[in-house]
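Presented as structure tokens, the chain that follows is alone, the form predicted on its own.
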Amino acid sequence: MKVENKHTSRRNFLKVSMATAGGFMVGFNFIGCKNETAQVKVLKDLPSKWVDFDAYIKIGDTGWVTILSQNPEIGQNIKTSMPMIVAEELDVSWSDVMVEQAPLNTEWYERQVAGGSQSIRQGWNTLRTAGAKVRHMLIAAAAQQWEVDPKDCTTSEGKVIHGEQSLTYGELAEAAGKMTAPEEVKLKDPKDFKIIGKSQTNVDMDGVLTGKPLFGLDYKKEGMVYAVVLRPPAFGQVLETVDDAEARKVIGVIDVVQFGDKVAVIGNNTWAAMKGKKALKAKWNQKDKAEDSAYHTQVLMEHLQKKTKEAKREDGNVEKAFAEADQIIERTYEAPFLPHNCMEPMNFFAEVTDEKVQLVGPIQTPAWTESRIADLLKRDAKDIHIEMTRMGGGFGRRLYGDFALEAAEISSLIKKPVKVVYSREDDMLAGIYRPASAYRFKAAIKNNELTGYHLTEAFFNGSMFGDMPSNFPCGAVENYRVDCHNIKSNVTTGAWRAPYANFLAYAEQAFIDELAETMNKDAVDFRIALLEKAKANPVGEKHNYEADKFIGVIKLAAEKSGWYQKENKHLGFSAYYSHNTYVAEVAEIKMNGDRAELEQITCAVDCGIVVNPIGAENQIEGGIIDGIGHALYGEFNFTEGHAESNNFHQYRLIRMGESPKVAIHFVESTNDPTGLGEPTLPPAGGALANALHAATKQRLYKQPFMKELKVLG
């Protein structure tokens, strides 16, 4: 991204103008103001003139600074944290900052994506540089006015200072806007941070608490109609015929249109459209196999017994290790398909005209969605404008944008602005699911040491990607192999919070716990010993983790949880590296008679610099509770291609009263930030399973745990 580019193309001008028209996308930071004086300033001292500096910063003549947050906000707090990074290097008081959600702009921004827990990590240097360059321009303007050397000027809380004299950013904005941004700037030393590392309230908090229109479902436009879509009721089915006569009789139904194997009922409100959908009479043909859960389990288990032609990773000779072993431990773990169940169901607004295509809604991948809509409508991407609303949850479901494509196609057919709205049943029955998967672990033990480790994965519509096969304990075991089977299914699948790792981590950590028990070794000491081997004498090519950081979080979690003083305590340990972040968790179970109660999770995290501690803690707690809830209760089955659960009366989620206390401890670090939205979920299931074993002596090999476990309170 070229932050020094202050000139706006016609397309960029239209995009920003449309985004701010009517104030819909602007979020004023009322909650961030810390006293009455600041709030009066919001009401009485708004700028009459703004100067645009770059893709991120606008400064008003009264000293207010507007910072655009480029990435979609799905609840991970980046709409607050990303502007904090810019404000830090700009050296402005946070109470003088307003925040706007930026529209999609591929010319200004490099990565407008909410996915992979990479928003802060990928944007860190770009955001800092943007703030630092504008600060440099403000200093240059002040130095020119005072006729002094810019090197003799400093800044603090929205002012440029030279000796006894100072000028506010508001007073300098117009002159600074004419300055040339430097090619390179020096960034702050982390020890000098004033905003980063200090908890700041979410900039949307006031709007969320008072019900202001922030979310996609809130968006309305004059003349807008609503669409509810009938989709195939089972995977593998296609539409044969549809009778819409009764649907058209429903009061409020405007039209019924078929597109592909789907039928959209158009109404002047959602209730009418939903009633109209129920009145449709459709016939379906079973074109492809009607899969069920028994079939899924059978296929997974069959593949676990097979060896692939080529391993994803292989060090040494596992077959030789097994042949020479004193003992072989083999275990299999299985997990079902799971829906995402975002609290805000899928929805999107579209208005397709000959002049433009305007879309508004909750989307994690606006640029990819823009390109696919351009292909769908046979339009130039420059004619398509996407605005991002706040999302009531994403978890990977809103990466795919199928709902946005539906909205665009329906609007093009009916020639009206339309909002597609899913019901909860639509979301659960015709969504995109976490793939069902199974893992077989096989370990060789010789002279009470781990000498061989063979992991086989069976996975629907995917397999381990990137360098995941080189995760721990790779590098620590002389003979190591990973085989992956990608099994095709007509059930639509996709990323689900912490893809692949969300179940693999539990299986791996439960297995390692059982290995330690078999060898009569402490579970924490066993992991540390393996990591010390990988550090001192790594096996094979480079492994995918830093042993020192891994050991650091393990020791911190053990210390803070009282792991080595665990008499009369039932503790379970788990540690995992994902999304560039190291996490260790200890679950504590209390037995109340014959009932096991999860009391607390102690969590240690090494995620580099913590930008906004309160936001980071929310992400950590959310990931842990999500991981525990789905490990305990996440059950989802198919019969003849049809999902058996269609709402929360059938699909069990963790409840507020069941959530444990979470004690969070950060490793102090000056390293660049890494991911936080996902990394605490993968180890949660393993910590819980291992604690349950400590309390009940029962090992758990299949999720959800509640199908096997009868003692949890």
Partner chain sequence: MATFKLNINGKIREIEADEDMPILWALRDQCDLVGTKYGCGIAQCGACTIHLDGDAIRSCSYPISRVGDKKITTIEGLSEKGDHPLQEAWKALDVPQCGYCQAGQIMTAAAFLKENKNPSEQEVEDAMHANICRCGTYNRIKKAVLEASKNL
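Just so you know, these numbers come straight off a predicted model, no measurement behind them. Numbering follows the first chain given and starts at 1.
Although it is not shown, the form predicted together with the partner chain is what the next lines describe.
The closest non-hydrogen atom of Asn520 lies beyond 4.5 Å of the partner chain in the predicted bound form. Mapping the unseen interface onto this chain, Ser659 counts among the residues with a heavy atom inside 4.5 Å of the partner chain in the predicted bound form. Although the partner is absent here, Val257 sits far enough away that none of its heavy atoms falls within 4.5 Å of the partner chain in the predicted bound form.
Contact check for Val605: every heavy atom lies farther than 4.5 Å from the partner chain in the predicted bound form. Stretch-level contact check against the partner chain in the predicted bound form with heavy atoms at 4.5 Å: of 179-187, 430-438, 461-469, 269-277, the positive one is 269-277.
Contact annotation: of the candidates Ile625, Leu571, Ala102, Ile554, the single residue with a non-hydrogen atom within 4.5 angstroms of the partner chain in the predicted bound form is Ile625.
Of the listed positions (Gly540, Gly236, Pro150, Gly392), a single one reaches within 4.5 angstroms of the partner chain by any non-hydrogen atom in the predicted bound form, namely Gly392. Counting a residue when any of its non-hydrogen atoms is within 4.5 Å of the partner chain in the predicted bound form, there are no hits in 90-117.
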